[in-house]
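The chain below stands alone and is given as structure tokens, in the form predicted on its own.
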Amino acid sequence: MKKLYLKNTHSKKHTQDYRKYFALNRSVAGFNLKTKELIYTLVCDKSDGAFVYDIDKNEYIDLTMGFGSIIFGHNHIPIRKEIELQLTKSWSVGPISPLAGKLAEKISTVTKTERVAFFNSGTEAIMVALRIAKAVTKKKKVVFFKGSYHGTFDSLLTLKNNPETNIAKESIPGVTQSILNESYLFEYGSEESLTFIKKNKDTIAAVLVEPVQSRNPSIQPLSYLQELRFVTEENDIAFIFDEVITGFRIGLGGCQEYFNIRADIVTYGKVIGGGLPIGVVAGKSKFLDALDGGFWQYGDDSSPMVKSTFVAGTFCHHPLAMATSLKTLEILNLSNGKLLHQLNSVTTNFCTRMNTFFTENSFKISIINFGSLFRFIVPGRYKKIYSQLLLNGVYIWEGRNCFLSLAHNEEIIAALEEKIKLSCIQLVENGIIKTKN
């Protein structure tokens, strides 16, 4: 792989030059002494459409797309113009932007949720969702599932549980057991989890799911989600959909619409922000009222009727993020969701063609997808495919979630397919993998 780090000389040098000062976890992801020379994050200073350009002036087809936040393509003109226009008005915070209320109303309408609140990231949205679930139900425990990703909130940061109690188990330095003691962790889709929730209904405040797990999009458990909805509704447990990744990507109504299941609380982020930071908590008034006391009006004796919990954040309603979110929703609404349907179909067809190629050529690789989110399944030495793809001009970040955008047109996808095929063939030629042929 000497060719790769020669190709990325400046990215590698940049990583080394600033390592002393810049504590970046991504620059050590997957560290291994044998592949040490290949461990650096691509450093890019330009992006456009479906492409990113590194500081070595190399062009890459981007499959990371802002970790899934870019749906129209980089530097999309309508989004950029919206940012430029808002910059001429205000990008300060303090007073509430007039755009925030408009955005809340439009998100409420399209997602069929009753109320909406804004935060800075998906992690914050999850944190708030769990807080209001506990505040309203007056219960303490949370159930979540192995394989899900819910950001970096401490009480959800583990991959292990105590096999006897199902309590989430300390596994990451700095995340202590005391923080995890109110969290139960189960296999997603397991009968055991349903039995446990029913048995412990009086202490469980919330059940949190990525309806389709971004790290395993092949699992799309309709019947299990329906059962979870029934159990939580019967037992005063908040059912929370984490749609930070799938929201406004699988469809305008997200997984709620896709599975025809109404959650109590839904979190959004990424796509809706148009590339700028945002976190959204939406859902039933029963739960969202815990943020502000509920609805009341001027000119009469009405007042907040619900005791509220505490939330805050300097940039929660940033005018630039509000502007790009409104424009994103406007564009998606104009097509009545057809743009997303088209993108999902294009992605599925791409995955099907590549899987056919892998099978016909005895490559132990496959691609799984949910709409325009997809992942490569690569065992053992086949993981070298990512370095080979980077060498051939395809960028996939260390977390390996991949996304197509509306900027990935037919010509670009055809080029992408050829690069994937070439990379597989080169792995064989270099003796890294073997096939039966």
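A quick note: this is a predicted structure, and the numbers were derived from the prediction, not measured. For every residue, the number given is its place in the sequence shown, counted from 1.
One more form of this protein exists, namely the form predicted in complex with a small molecule; it is left out here, but the text below deals with it.
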* To do: Work out which of the listed stretches, 244-252, 97-105, 128-136, 223-231, brings a heavy atom within 4.5 angstroms of the small molecule in the predicted bound form.
  => 244-252
* Structure fact -> Interface check vs the small molecule in the predicted bound form: of P78, G147, G151, G189, the one with a heavy atom inside 4.5 Å is G151
* Could you spot which one of S366, T123, S308, N181 gets a heavy atom to within 4.5 Å of the small molecule in the predicted bound form? => T123
* Any of the heavy atoms of H318 lying within 4.5 Å of the small molecule in the predicted bound form? -> no
* 4.5 angstroms heavy atom contact with the small molecule in the predicted bound form for E210 -> yes
